[in-house]
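Below you will find one chain, with nothing else, as structure tokens; this is the form predicted on its own, and questions on how it binds or moves follow later.
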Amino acid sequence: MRALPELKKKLRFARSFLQNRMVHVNLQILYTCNYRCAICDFWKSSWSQKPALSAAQVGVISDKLNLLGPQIVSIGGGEPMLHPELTAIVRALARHHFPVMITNGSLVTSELARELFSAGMVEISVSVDYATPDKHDAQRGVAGAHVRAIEALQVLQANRTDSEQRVNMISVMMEDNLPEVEPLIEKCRELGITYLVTLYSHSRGSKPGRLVGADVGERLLEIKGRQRHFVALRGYLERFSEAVEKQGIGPCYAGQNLCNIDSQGDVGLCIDRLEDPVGNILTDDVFEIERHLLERHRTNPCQECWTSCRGSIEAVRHGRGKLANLIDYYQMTRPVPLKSAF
């Protein structure tokens, strides 16, 4: 019985994708965090004091978003696993959408992993930026962070409940960790999981510039060519060098392809524009919000980032080599049998 609603959800999502409608939402359910990462400033800003969304509020958000069509909803924060209602939040989103999550991995347990996957989580990525434990721990501001992240990946992979669920390691590409990429991919191969990257963005807050060298795109494509566990889209990776040289990529399709919802329900183009919402999904009409997002998109001059939340969608919808990108997208999402390595 569950297969039919899931099929309908996928078909509605495919229709939205082909119609160039919004298909991705970043949802910050809270901003508190147990780490002190050097590349994030939520934990040291006034945002960390803002209330968390409740599971009931997320239920409202899920129902309203469903009027626009199923979304890939990326649950974030802060550290989302600090939320006491996380399982209920996933269940509320999974009724209509495809919930995914990025975590630092520090709070993963077998029980919680199985709860989240049973509730409908489609994908969980653990952020690991260095193969060298000391470097990762220094980046996170917590001793033992690297060990816990690798253990979390093992636990998550062992507790998937459906072959369509994925576990990824994801790294933020910065000026000093390109040599760490291939060792990290080798660790993914050992664990039977897949590997993703996103390009560092300094455009929100007062974070330092930490961009990798201008040859990063070519080098990542070389690595992808010999590492099957590296499943990032070619069309996304090939523009890394351009993004570094130009300090971003334009035009930006935030507002059309994706949007951001913060822990108060405020809706904006992206996580770097939290202070400039177009409406509040808890109180406003969702079609009015969609209209305002599209208006903001058309007049948005920003091209300051090339993060994966926008880049992967743009590579498929607007990039060159659509067939190659679709093949990569299939590799990124194809079912992996339980108890089986990728």
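Treat the numbers as computed from the prediction; the structure is a model and nothing was measured. All residue numbers are counted from 1 along the displayed sequence.
FYI, the form predicted together with a small molecule isn't displayed, but the following is about it.
170 is the sole member of 158, 107, 170, 119 with a non-hydrogen atom within 4.5 Å of the small molecule in the predicted bound form. Though the small molecule is absent from this view, in the predicted bound form it lies within 4.5 Å of a heavy atom of just one residue from 252, 152, 199, 90, which is 199. The small molecule in the predicted bound form is approached by residue 33, whose closest heavy atom lies within 4.5 angstroms of it. Proximity of residue 47 to the small molecule in the predicted bound form falls outside the 4.5 Å heavy atom cutoff. Shown alone here, residue 62 lies farther than 4.5 Å from the small molecule in the predicted bound form, counting heavy atoms only. In the predicted bound form, the small molecule stays beyond 4.5 Å of every heavy atom belonging to residue 99.
Stretch-level contact analysis of 178-186, 224-232, 74-82, 144-152 against the small molecule in the predicted bound form, using heavy atoms and a 4.5 Å limit, identifies 74-82. For the three marked residues, 42, 127 and 140, a heavy atom of each sits within 4.5 Å of the small molecule in the predicted bound form.
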